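There is one chain below, alone, in structure tokens, taken in the form predicted on its own.
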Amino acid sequence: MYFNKQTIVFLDGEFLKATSAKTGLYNQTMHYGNGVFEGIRSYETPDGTRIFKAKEHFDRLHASAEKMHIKLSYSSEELEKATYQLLEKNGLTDAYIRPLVYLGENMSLTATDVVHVTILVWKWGALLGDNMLNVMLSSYERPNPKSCHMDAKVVGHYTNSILASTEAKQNGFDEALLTDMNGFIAEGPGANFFMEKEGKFITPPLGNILSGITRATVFELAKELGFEVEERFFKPEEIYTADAAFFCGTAVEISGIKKFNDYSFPMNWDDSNSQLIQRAYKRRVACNEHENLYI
């Protein structure tokens, strides 16, 4: 699904066959989850292949590494250049891109100076598919931000996401929605959450959630289209008064939500401002990043 015998990966400054790339069994990331990564997409545009918001993603990778005491020796510009080369070597235009910074052999619970960088690319559709989603309130919470850096994209954090997403699917839902430690809505396992109410968008504030690149893009698009966005805390019960809702993230892109628990959002998706954001996002990633929107 992700690679074959011809697939090329970037590893520590070299371009190698995926089948011959190796790592040590004693690396700290594998044992303790101390590593950072990004999820990025490239798109085919009239001007050729373009990595969407490459600088923002690689800058966030650096910020995550710094928070986890990881010394990342490649600049954002060097990582972007290597990624374009990797896409070309694999013959990919519309692709998912996974930079991963993982650590060397270290069985202690301290930082290590041995740092590895790999970049993987593959063809991947929207993570949650193209259909409207049925979402359940998870029994799991997002970790207390005083226990770890929730604004960093850390390998180990995603055990929480796996538990929540697996629980949802085992209960017949497409995905989960998690609260924070205080019972306020936080985010999905791998996506930020927006609800639409009387034409306005409401989304949880930063602090207990990942500062999503796609989330920031939704703010940009909403401003361009003249829609108001409000950041505030709200409990799950308020979602039952919303007209529409969606998840957003690099992997899921913009995915509309049909139901939350047993509540069906009353607004027809095609009549919602949420759907206009979805259309605007599709246009934005497939054209010049600063092109005006014509919906």
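The first residue of the shown sequence is 1; numbering continues from there. These figures come from a predicted structure and were not determined experimentally.
What comes next is about the form predicted together with a small molecule, which is not displayed.
Practice item. Consider residue 212 of the chain shown here, and say whether it contacts the small molecule in the predicted bound form, taking contact as heavy atoms within 4.5 Å. Key: Although the small molecule is absent here, residue 212 would touch it in the predicted bound form, with heavy atoms inside 4.5 Å.
Practice item. Answer with yes or no whether residue 99 is in contact with the small molecule in the predicted bound form, where contact means some heavy atom within 4.5 Å. Key: Taking the distances in the predicted bound form, the answer for residue 99 is no, it never comes within 4.5 Å of the small molecule.
**Study point:** the small molecule contact in the predicted bound form: residue 191, any heavy atom under 4.5 Å
**Key:** Yes, residue 191 sits close enough to the small molecule in the predicted bound form that at least one of its heavy atoms falls within 4.5 Å.
**Study point:** 4.5 Å heavy atom contact, residue 122 to the small molecule in the predicted bound form
**Key:** Heavy-atom contact with the small molecule at 4.5 Å: absent for residue 122.
Practice item. Report the stretch among 191-199, 71-79, 100-108, 221-229 that approaches the small molecule in the predicted bound form to within 4.5 Å, counting heavy atoms only. Key: Of the options, only 191-199 has residues within 4.5 Å of the partner.
Check your understanding: Among the candidate residues 250, 27, 42, 64, which is the single one with a non-hydrogen atom no more than 4.5 Å from the small molecule in the predicted bound form?
Key -> Answer to the contact question: 250.
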